[in-house]
Structures are given as C-alpha cells and as structure tokens.
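Next comes just one chain, in structure tokens: the form predicted on its own.
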Amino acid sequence: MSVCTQCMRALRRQARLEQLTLSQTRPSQLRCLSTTSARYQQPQAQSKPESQVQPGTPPSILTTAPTITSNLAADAPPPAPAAGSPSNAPTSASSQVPAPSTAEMQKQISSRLGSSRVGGGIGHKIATSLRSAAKSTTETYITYGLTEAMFKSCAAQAPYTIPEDQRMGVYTGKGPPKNARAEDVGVPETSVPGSQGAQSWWFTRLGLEPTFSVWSQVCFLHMYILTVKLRTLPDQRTYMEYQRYLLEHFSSVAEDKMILLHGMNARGVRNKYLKDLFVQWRGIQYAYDQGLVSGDAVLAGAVWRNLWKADEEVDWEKVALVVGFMRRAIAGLADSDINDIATNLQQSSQYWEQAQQGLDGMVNLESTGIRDNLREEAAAEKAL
C-alpha cells in the first residue's frame, strides 16, 4: 500500500522533532516507559554540573521516543549500564536511535492500516461516524458517485471517436468526413468500458452514424429513462441533486469531446454549444414526458425529431424499435433500487442489452383495434 507525499513529510518532520528533543534532554529528567521489570529502570544518576558536560556530545538516554509515536520509530530500551561503569559517560552519535527510512515508515503504516481492517476497519468506522454526524455533506458525495456510474453507462451506448490523424487535419482541410448536415463523422470507439463499440445496437440495427449529435441524443435518451426512475425518490431535493449531477457529468464529457475530437479551443464557442445542449435536454424531457402520457405515436414523433432530426425518409420501423426499447427499459427499472441500478450499470451494460432483445417481434405485431376505423370506413362505403 502506498503512502501519500504529505503523510511522509509529516512523519519525517515528527521523527526529526523527536530526535532533537531526545538529544537536548538530560538523563535525570527521563525514565523508561516500562514498569514491569526492574532491569529497565534507569538508575539514579549523579547529576553533573553543566560545566562538566562536554559541548556537542549527546548524553546517554535509556528511553524511547515519546509515547504518542513510539510505535513508528522506537526500539526496545537498551539494558542498564553494568555495575561500576560511570552512569554519566557520554554516548556516541552512532548509539542514538536513527530516524526511520521512507521504506520503513511505509511498511509500518501499511501494516497498521492493514491490521485496522480487522473487525470492520477504522476507515469503515470513520466513514460511518462521519456520515451520521454530517449526513448532508456525505450524501452529496454519494449522489455524485452514483450519478457518475449512471452517466458512464449512458455515454457508452453509442460511443464514437475521431482518428488522431483526422483531428490534426482539420486545419489543413483534411479533417474527418462530413455527412449531409455537415457534421464530423467518426468511427465507433471500442475502448469505452461497458460498450459494444462497432457492434452497438444503435449502429448496427438502427444504422445511426458515429457523430457527436448521435452520441449526445442517445445519451440523453438513456438519461431520460433514468430520470423517470429518479422521480420516484422520496423528496424533491434529492431528485434535484441527482438531476444536477447527471447533467454536470454530461457537460464535462461533452466539452472534452469538443476540445479533443473537434478542435474547439475557443471557450466562447464551447459555451454556446453547451448552452444549446442544455436547452435540448430540457426540451427532450418535456417531449418524452408527453409521449409517455399521450401514447406511442406521440413518443415516436419525439424520438423522430431528436434522434433522426425529423428526416422524412426515416424507416419508421426503427423509430418503433426505439419506442419499444424506452417503454421496456422504463418498466424494467420500476421495482429496482437506485443504488442497485447504479451498481449494475457500473459493472456491465447487460440491462440495456436485455431491453433491446426481442423488439423486432414485438414491433411486427399488429396492435389491437388498428384496423377498426378501416373496417368502419369500408362498411360505410358499401352502404352508399
């Protein structure tokens, strides 16, 4: 286990202070810490006048470091001086207890930290007491961690990247290829944890392009599915914290992509795009909410406008697949706990993949009553 630099500096400083204190203390003022054996007791020394003590020569000290840190740098006390030997004989500098090395301090601290885990661990006890004493503060960090795990799962569903040679070619006119809407078209990214890369359902079955727009819209769609579940939290304040941190994670990653993949170095330009994305997120929540309440046709219209940019040549069967995926995913989260959802999404994207299975067969089924109006119109025409 490694020890941070600040801890090492503090330990070295404490060891030097202890060594300096010991070198400046006379034998008559110190006693051994042990009281169990008489042989460790310091004999009464005949104190010398200060004029007889040689300057620069440390006195003989039969004790260890002070009790507060003796477990880090102290050795066992040396045996009492033999009979007849002068008790006030000066001790050489080599007989003093040397300051512990960095490796020794790391080893001692690691062993203490490892042993403290027995019986619950001191870290667990400190975290428990801190959470009970400052619940509002610790809840913020817990919420931040949960939303980070949720967002990473959302961002890994349609990941993309721009090859490095194409990024550098933006300034020379040899950048990434453009689509009909003048968007940079990249390639599916395979290094994202929990992602299927080029085999993603959004690329293979729906035929979407690996662009920033598609990534953001697919990410928003999954964030909305989680938002529907977050609305069941017990109080409004907790829900707003989850909502805020979820959007903050998205904004941070989106800005990184603007800089690294698309060469947007001007902060003003990035802020403009981030503001537009925030407005889109607000509009998406309203449009998808209306679709969930009004019916599949309204929800399909919202998906078509956001994910396919209102393309008139869209394959509506693909739009229906997304609608079925959203309803199945929302229903699947109904009975799950928020902590369990974040843990499962952090481990794998199996939940999203399960919601995508069997959608083709469900979409091909004919809805009940879809032909009733046609039959009524046909019967009215025959009557005429």
Partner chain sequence: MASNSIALKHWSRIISRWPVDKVRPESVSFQTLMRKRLEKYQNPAKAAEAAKVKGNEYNIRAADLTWDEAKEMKQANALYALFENRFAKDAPFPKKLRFPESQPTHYDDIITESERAPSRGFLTKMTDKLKGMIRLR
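Positions refer to the first chain, counted from 1. Nothing here was measured: the structure is a model prediction, and the numbers come from that model.
Keep in mind that the form predicted together with the partner chain is not shown, yet the notes after this line are about it.
- For the options 256, 276, 165, 235, the residue carrying a heavy atom within 4.5 angstroms of the partner chain in the model of the complex is 235.
- Contact with the partner chain in the model of the complex, defined as a heavy atom within 4.5 Å, holds for exactly one of 294, 252, 140, 199, namely 294.
- In the model of the complex, at least one heavy atom of residue 231 sits within 4.5 Å of a heavy atom of the partner chain.
- The closest heavy atom approach of residue 266 to the partner chain in the model of the complex falls outside 4.5 Å.
- In the model of the complex, residue 363 approaches the partner chain with a heavy atom inside 4.5 Å.
- The partner chain is not shown here, but in the model of the complex it comes within 4.5 Å of a heavy atom of residue 314.
- Stretch 298-306 is the contacting one of 298-306, 212-220, 142-150, 190-198, since its residues have non-hydrogen atoms within 4.5 Å of the partner chain in the model of the complex.
- Within 4.5 angstroms of the partner chain in the model of the complex, the stretch 185-210 places no non-hydrogen atom at all.
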